[in-house]
Every structure is written in C-alpha cells, then in structure tokens.
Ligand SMILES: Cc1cc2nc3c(=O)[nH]c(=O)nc-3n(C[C@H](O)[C@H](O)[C@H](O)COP(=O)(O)OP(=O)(O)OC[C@H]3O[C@@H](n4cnc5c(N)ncnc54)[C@H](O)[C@@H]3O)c2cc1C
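Below you will find one chain, with nothing else, as structure tokens; this is the form predicted alone, and questions on how it binds or moves follow later.
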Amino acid sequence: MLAARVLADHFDRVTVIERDQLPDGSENRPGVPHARHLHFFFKRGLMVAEELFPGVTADLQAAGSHLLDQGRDFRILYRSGWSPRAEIGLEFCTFTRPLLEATIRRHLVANPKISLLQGFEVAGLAISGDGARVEGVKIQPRHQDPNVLPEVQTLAAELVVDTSGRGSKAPEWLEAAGFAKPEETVVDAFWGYATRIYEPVEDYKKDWKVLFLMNRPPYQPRAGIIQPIEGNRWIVTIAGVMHDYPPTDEEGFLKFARSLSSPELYRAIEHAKPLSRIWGYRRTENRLRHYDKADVPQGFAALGDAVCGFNPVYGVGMTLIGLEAQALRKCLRDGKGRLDSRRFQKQVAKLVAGPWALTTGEDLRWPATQGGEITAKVKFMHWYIEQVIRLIPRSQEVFRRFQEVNHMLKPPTALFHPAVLGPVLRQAFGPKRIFAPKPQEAPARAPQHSTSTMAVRH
C-alpha cells in the first residue's frame, strides 16, 4: 500500500490487485497467514508511514495502538543483563496487522487515482512484442470452478510493481516470459514461534509495557515477548530456534513459556485470560532474491518481501519496505515519471544489504543454520556485536545507539562511532577487563519435527 501511494503521484491510475476479498474492518484474512503474529513499526517505519499518509499515527492511536519509548517502556533481557530504563526518544508503535491494514487502506482508497481489484491473482506478465518490456499482467479470479478453464484477462500497465511478499511468483513469471530467474540466497536457522492473545490480569503489577526475553546463542534457543495491542490486550509470542519449536497446545505453550531465561513472562500470563487459540508459524528463513544482478525488464519492479524476506523474528520488514517506497519515489522523480527498473533494483539492494548482514549474521550464530557462510568478517561482527551487547546493561549511550541502528535511523556502521567503539575496546582489551563466566552448554536437544519464527531484534 505504501508503494501504491507513491505511484499515485506519478501515474493517472493505480490498480492494487488483491487475492482476497478484503474485510470492511480490521479482520484477519487468508492471504496474510502471518497476520496473527507480532507486528509493529520501528520509529523510521512510522515516520515513512506518516509522511505518505499524514494522520495515520493519530488514527492508529485513536483505534487503540500503543506508541511507546523503547527505553522507558521496555524491559529487555539481553544475554548480558537487562536493558537500561530511561527514555531514549525512539518511538515504537504496536498494533495488530489487521488494524494497520484497515487504517492505511482507509487513507489509500481516499485517493481517487487508486482502486482495489479484489479476489484476483496474477497468472503471469504481459510482454511487449519485442520481448524487452513488461506491459501489464495476466490476471484470473482466485476462486473459480475447478472444472472450468480459468478465465485469464490482461490488465495493461506502464509499470508493474510486485509487492506480493515472500511467496512471490515473479521469478516464475519472468522465466515464462523468457528472462532468467534471479538467483537466491537462503539462510535458515529453523526458527519457529507460537502466538496467543490475552486479556491481562487487571491488577498485575509490572514496571514494563513490553517485555522481551531474548535467547542466548548457541546454548539457549528460546525467546519470548509480551506486547500491548488495541483493545487492552496483550499479544504474547514465544519462539525457539534450531527446530526447538514451541507447542501450540495449552499445556505445552505454558511449559515452554516457563522455560525462558526469566520467569517474568510466565508469571504475567499464568492467570491472564486467553482470548484466542494458539497460532504457530515456521516459515522463517531469510530469502534474498538478487534482482539487482538479474536482467530485469523495463516496466517491472519488485520490493519488500518479494525481494528480501527476512526472518520475521527480527521485525525489520515493515520498516524496510517504507524505505524502499521512498527509493521508488526518488527514482520516479529522477526519471520524470519513468522508472529505470535496473537502477531501482540496485537501490533496493543497497537498502537491504545492512539489515541482511545483521539478521543473517545473528542467525549464523546457531550451529544448525543452513545457508550463508561464516567468513572472517562474520566472525568479527559476531565478536563485536557480542561486546556491544555486553555493554548495554550498564551503558544507556550504547543502548541508544544500538537501537538507532535497529530502528534504521542510522546504518550499521554507526555501531563503530567512538561512543561505542571506545567502550568496546576498553572492555575487551583495557586493564579493567571484565571476564564473564561462560554459561555451561545445555544438553543436546533432540530435533522436534512439526510445523514453523520469532525474535525481534530489539
């Protein structure tokens, strides 16, 4: 929807093709299976949404979303201790995915240039006679009689933008049109998570609004988070890595919650009222499609999870697609309304590179991870980030700068600012070097085979 808003500034008509029949209000829908799990905006993502849809933040808050400060309102248990408790000026907006979609959709359809085509799916690309350019898409109704041949029609377009998510079929469309599929890189640590909505105990005493218990690679694979959402509710997600998938039955869910690195999450939900069933999710691999290196035809562009689907545990996707929408706007402005597809895909690749290095680098800490390569650079970053995390509990300055990178307000290189680098070097090599005892390895856990993610890189 962010991309559609950008396109409306440069084209007379923008058609958004939706495979679902969209609900009138904020309800879950089949085409977004991950919608029942944790969603939020980092500060940069919220800034972009507000820029494209003025007033959307106020609308979200009026509907019950929560605008929180990541220092004052969070209690985060890192592997080195609890995060500092002081306001750091980094807003974090929590909501359910259906509320976000419904709120932005109201802003979107108010634009007379934008229309929604519901209940259709794309079956392929329409290519120019010389085979060099995309000139539209082939579409068909999603629900039809299986005994009748699908009625395929062509929707002409000057520009086709694929934002269909990690399940994108664009590589197959391009191949069918005579272009090579983009190469892919996949890094999978086999995360899985389970989510449930609760009504909090009314008089439960706590000093946090968001509680996040991180796992501790490579020996403690479990994590959990409680986040407030609209309707005076909590959304609670527990997660495991290396096939240590949390159960989706009542007893197993609570037992898993009780096994986390602090009893605080279990205590909070032990007597809370469940308001939903428990939903599991395990499609958590990091998948990067290298459109920047592919022979992408003019008239076609891809962004969001269609290009790079991150492990949802790290929560970077929604903010990153906002930055990619801004890049789309700049490329269209520079081209006076025409998009150089190859240039745009290279811009997307640059935006993706930093978050990709950080998220896959974290997943490569786990011995069972498949894909990727533990290079000398990755080993150094593992060591350096570990030093930064060790500093967080006793340095509000380091914590703030670390979160500025997470919120995508600053690039990963900001972690080498003297305010961070100096303490890291003193901690690692100075005369008052602190040695933390190495936790003992947990017994090897037999892989569990069942359905599959969560960790938010806070």
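Note that the structure is a prediction, hence the values are computed from the model and not measured. Each residue number is its position in the shown sequence, starting from 1.
There is another form of the same protein, the form predicted together with this ligand; it is not shown, and what comes next is about it.
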{"property": "Any non-hydrogen atom of Arg233 within 4.5 angstroms of this ligand in the predicted bound form", "result": "no"}
{"property": "Non-hydrogen atom contact Glu362 with this ligand in the predicted bound form at 4.5 angstroms", "result": "no"}
{"property": "Interface membership of Phe402, this ligand in the predicted bound form, 4.5 Å heavy atom rule", "result": "no"}
{"property": "Interface membership of Leu52, this ligand in the predicted bound form, 4.5 Å heavy atom rule", "result": "no"}
{"property": "Output flag, Arg29, Val316 and Ile321 jointly within 4.5 Å of this ligand in the predicted bound form, heavy atom basis", "result": "yes"}
{"property": "Partner-facing stretch of 29 to 37, 58 to 66, 421 to 429, 393 to 401, counted where any non-hydrogen atom is within 4.5 angstroms of this ligand in the predicted bound form", "result": "29 to 37"}
{"property": "Position in contact with this ligand when the complex is considered in the predicted bound form, options Tyr384, Phe120, Phe179, Tyr198, heavy atoms within 4.5 Å", "result": "Phe120"}
{"property": "Contact residue in the predicted bound form, chosen from Tyr245, Phe92, Phe344, Tyr281 - any heavy atom within 4.5 Å of this ligand", "result": "Tyr281"}
{"property": "Residues within stretch 3 to 24 having a non-hydrogen atom within 4.5 Å of this ligand in the predicted bound form", "result": "Ile17, Glu18, Arg19, Asp20"}
